[in-house]
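Shown here is one chain on its own, the form predicted alone, set out as structure tokens.
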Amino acid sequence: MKILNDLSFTIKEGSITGLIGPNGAGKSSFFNALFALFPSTGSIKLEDIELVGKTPNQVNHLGVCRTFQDSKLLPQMTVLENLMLSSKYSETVTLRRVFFDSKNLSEEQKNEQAQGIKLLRKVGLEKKAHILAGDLSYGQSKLIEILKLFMCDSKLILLDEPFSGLFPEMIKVITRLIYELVESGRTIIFVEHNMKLISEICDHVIVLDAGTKIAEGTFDHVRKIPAVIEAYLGD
């Protein structure tokens, strides 16, 4: 069965792109295909590097990361430990490094811990650093998922409904963090059903329906297209 059909588009580096469409349109499926969780017979390139055929681990190491609709924090680990899971050390952590380069490895770990505390302080959660992630509220868990993105050196970030179920104040905080990610050199694609947020945040919008692209452009442009109105936005 084909889920995505002749889907083709280009994402501008340093931009925020909204991926919208009705339920079942293929938005999350595209994320899964890009991240090699679904098989694909097409071509997906990050700059000039082909991602199709790579493993999820390889895709991540090439500079792609993602969040999911539901928080994927490890509940039995502390908030700070969850943040540090996203850290990229200068060299791969091997047994050789553990035994023969422990001083430098320890120094890197301290630096990553300091970075994690700094990020938590930025959003007023520094007192939560050493509690179990499973004790966070829903909104706090979503916020930590966004903070994890600052700990890794990703080029392309895929956000799957980062604002769903959040109160307005938390939406403002996460919006600010998304802008900070872009200012630091990241490119973002995010799925969202809140059209007000799409219109305010996105530089570019792509509309999917039944696995096919039916429109793209600015939000003001696509919201006037009859096919988009019929498939998703309504009158």
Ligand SMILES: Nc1ncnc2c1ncn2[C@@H]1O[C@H](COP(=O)(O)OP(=O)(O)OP(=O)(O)O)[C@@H](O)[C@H]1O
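In case it trips you up, residue 1 is the first one in the sequence shown, and so on. Please read these numbers as outputs of a predicted model, since none were measured by experiment.
Omitted here: the form predicted in complex with this ligand. The next part is about that form.
Mapping the unseen interface onto this chain, Gly14 falls outside it, with no heavy atom inside 4.5 Å of this ligand in the predicted bound form. Proximity of Thr10 to this ligand in the predicted bound form: non-hydrogen atoms within 4.5 Å are absent; the residue sits far from the partner.
Contact check for Ser29: a heavy atom falls within 4.5 Å of this ligand in the predicted bound form. At least one heavy atom of Ile3 is located within 4.5 Å of this ligand in the predicted bound form.
The three marked residues, Phe68, Ser86 and Gly134, fail to reach this ligand in the predicted bound form, with no heavy atom of any inside 4.5 Å.
Along 157-184, a non-hydrogen atom within 4.5 Å of this ligand in the predicted bound form is carried only by Glu161.
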